[in-house]
Ligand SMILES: C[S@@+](CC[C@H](N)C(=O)[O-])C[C@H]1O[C@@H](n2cnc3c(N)ncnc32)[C@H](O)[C@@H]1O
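This document starts with one chain, in the form predicted on its own, laid out as structure tokens.
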Amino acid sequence: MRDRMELLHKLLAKDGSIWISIDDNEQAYLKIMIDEIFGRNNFVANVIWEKKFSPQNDAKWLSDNHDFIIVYAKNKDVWRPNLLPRSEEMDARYKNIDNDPRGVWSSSDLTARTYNKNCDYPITVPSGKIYNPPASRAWTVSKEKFQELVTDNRIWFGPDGNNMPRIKRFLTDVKEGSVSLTIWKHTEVGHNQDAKKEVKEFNSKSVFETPKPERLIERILTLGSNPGDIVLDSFAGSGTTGAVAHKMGRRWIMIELDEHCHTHIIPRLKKVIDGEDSGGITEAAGWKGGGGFRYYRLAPSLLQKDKWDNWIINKEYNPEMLAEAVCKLGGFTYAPSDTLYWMHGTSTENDYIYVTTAQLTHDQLALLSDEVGNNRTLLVMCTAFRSRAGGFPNLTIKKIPTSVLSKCEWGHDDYSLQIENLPIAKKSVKKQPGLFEEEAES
């Protein structure tokens, strides 16, 4: 898990956030590890999600009905969560008892927990009764500010003018949204059974044990992203994140190494795009269909070991696949020429790469150097070469697989997200090696 989190930290935008779903068994250990990677100062919150609402009467110890969502910012100084849309229930709390022309309002406490001598004074209400702040507390505003609020009819003394003063807050002042709490009830964001019903719509045979409901992901994306942002789910599962992000106008990337890609994710996203997914947040988001996605399959390992434990090029790679893979690893753009056999990719206007499994002789390299010319440079990636002393100023010659061994990990069934596209090494000028040395640069 540490390897995954370190890589995700690198991928995260400077003003991004990460939301990690975890159960009660591991959340404490996970937080300590994330503190080390993201920094304790970038911890935002530990959200409790009510994933079940019915008690498990057969539970041996306690009935487990919640999971955690641990939230960190890449940089807490520059990231802030969005506000949540106000609900009808929230708005219903606002009344207009005194027929204020500014509209409905709600009153809140005028006292502050922190004592301030300048805000400790008696207040005489319209009925003549005198109020002082509770012991060890003070009013939230100074005496002068209080008088301004009274003049502006922003202080409420009760219907008969006899109550302790409270400050009036108009709905128009808070209409933009509300701050999220850290306890999310199933009535707000859904529960496991909701999620299972959503999964059954496109795969009734394989339903996850603890899938996430679309309303839960909607809450996360509302707080942590804006339309057009890129959302990454590196453990896609049934594809809920991509489906919700698509409906909410976010761009998305999902990664899944198991067969869920074919059995769950692709069928689900096709229904979303075709407008045939009527569940989840579809109605709330006003989703009618549209958009599209690209699907990429992880290629087989480029290198593998033979029976003598030597690294060799995987036989599953044809020449085109090999050229494209080596271009990527070397930081070149794969752009094969229709006319020049040696031009497989480019890094700059006059710098090219040639990838071949052939064993190149000195004469072949000399001919290649002549074709490249004095105004261009060429990186030659080959399995072996023979060259006499005497350099080719426009050629850099390297052997495969030796030259790419350090670029990635090879020969695994599961790379666990550790593949890295390392920065291009700066070219250096070296003396031409002998016949069997690993590489030559000139």
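Note that the structure is predicted; figures quoted are calculated from it, not measured. Numbering starts at 1 and runs along the sequence shown.
Note that the form predicted in complex with the named molecule isn't included here; everything after this is about it.
Asker: Just one of 68-76, 207-215, 304-312, 184-192 has residues with a heavy atom within 4.5 Å of the named molecule in the model of the complex, so point it out.
Answerer: Going by heavy atoms within 4.5 Å, the stretch is 207-215.
Asker: Going by heavy atom distances of 4.5 angstroms or less, which of L83, A112, V104, I255 would be at the interface with the named molecule in the model of the complex?
Answerer: Checking each option against the named molecule in the model of the complex, the one that comes within 4.5 Å is I255.
Asker: Please identify the residue among Y295, W342, F235, Y121 with any heavy atom within 4.5 Å of the named molecule in the model of the complex.
Answerer: Checked against the cut-off, the match is F235.
Asker: Given that the named molecule is not shown alongside this chain, does G280 nevertheless sit within 4.5 Å of it in the model of the complex, heavy atom to heavy atom?
Answerer: No.
Asker: Should H260 be classed as touching the named molecule in the model of the complex when contacts are defined as heavy atoms within 4.5 Å?
Answerer: Yes.
Asker: Quick one: does R4 come within 4.5 Å of the named molecule in the model of the complex, counting heavy atoms only?
Answerer: Within the cut-off, so yes.
Asker: Can you tell me whether S225 touches the named molecule? I mean in the model of the complex, with a 4.5 angstroms heavy atom cut-off.
Answerer: Flag for S225 set to no.
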